[in-house]
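One chain comes next, on its own, written as structure tokens: the form predicted alone.
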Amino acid sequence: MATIKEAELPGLGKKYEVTLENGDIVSVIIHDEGTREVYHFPDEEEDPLSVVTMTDMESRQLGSIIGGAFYQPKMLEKLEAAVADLHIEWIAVKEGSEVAGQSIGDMRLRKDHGIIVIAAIEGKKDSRKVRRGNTRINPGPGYIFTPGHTVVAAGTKEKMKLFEDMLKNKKDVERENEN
């Protein structure tokens, strides 16, 4: 996991410095007027390899792309994005999970668990093991959780952890709780 440092730049803005696993450093300066400067320092180099300056809107658009708001890599079974206290996760429904065969309405996810289901991806792997399927945006209370589907849901970090456990195989959850 990357190391992140932050520093106030009085009269200028704020600086974030991210040290990547490969040793490279990406430094982002957020100016008070909204522009961003992004510097890339190769491992153990003092001079940046590149510098990019973006407007506030451009940096927000790029941040959304990097954060996975528009595209989820197909090889990931779980992806997480956090905005303030809201967490959005893509979680696969496992065989033997406690939600398999139940509907959103039956589980009262929003009222009893504080979870909002944003989408359900009905994925199937074809002969090339490529995940394909239909995406149901804002599935209604009649949507039934089916093993192999990926659920995009939002909630607080604590609520999302409980929901993730509900989508896992019951035996896997029991083993994790024993350890």
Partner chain sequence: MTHDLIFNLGLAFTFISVAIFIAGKLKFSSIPFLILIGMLVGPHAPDLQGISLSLVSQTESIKLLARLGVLLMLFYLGLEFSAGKLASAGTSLLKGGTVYVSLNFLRGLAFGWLFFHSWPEAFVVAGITGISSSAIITKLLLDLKRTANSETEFILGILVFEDVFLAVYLSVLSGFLAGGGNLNAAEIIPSIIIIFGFILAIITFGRRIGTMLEPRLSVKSAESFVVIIFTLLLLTAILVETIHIAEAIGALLLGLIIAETVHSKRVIQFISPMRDLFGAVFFFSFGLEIDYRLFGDAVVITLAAVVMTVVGNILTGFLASWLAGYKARRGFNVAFTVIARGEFAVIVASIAVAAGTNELLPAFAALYVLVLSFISPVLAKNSRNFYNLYVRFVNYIKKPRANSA
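Residue numbers count along the first chain shown, from 1. Just so we're clear, the structure is a prediction, and the values are computed from it rather than from any experiment.
One more form of this protein, predicted together with its partner chain, exists but is not displayed; see below.
With the partner omitted here, the residue from 53, 64, 135, 138 that has a non-hydrogen atom within 4.5 angstroms of its partner chain in the model of the complex is 53. In the model of the complex, none of the heavy atoms of residue 122 sits within 4.5 Å of a heavy atom of its partner chain. In the model of the complex, its partner chain lies farther than 4.5 Å from every heavy atom of residue 113.
Using a 4.5 angstroms threshold between heavy atoms, residue 15 counts as touching its partner chain in the model of the complex. Proximity of residue 9 to its partner chain in the model of the complex falls within the 4.5 Å heavy atom cutoff. Residues within 4.5 angstroms of its partner chain in the model of the complex, judged by any non-hydrogen atom, belong to 37-45 and to none of the other stretches in 37-45, 56-64, 113-121, 148-156.
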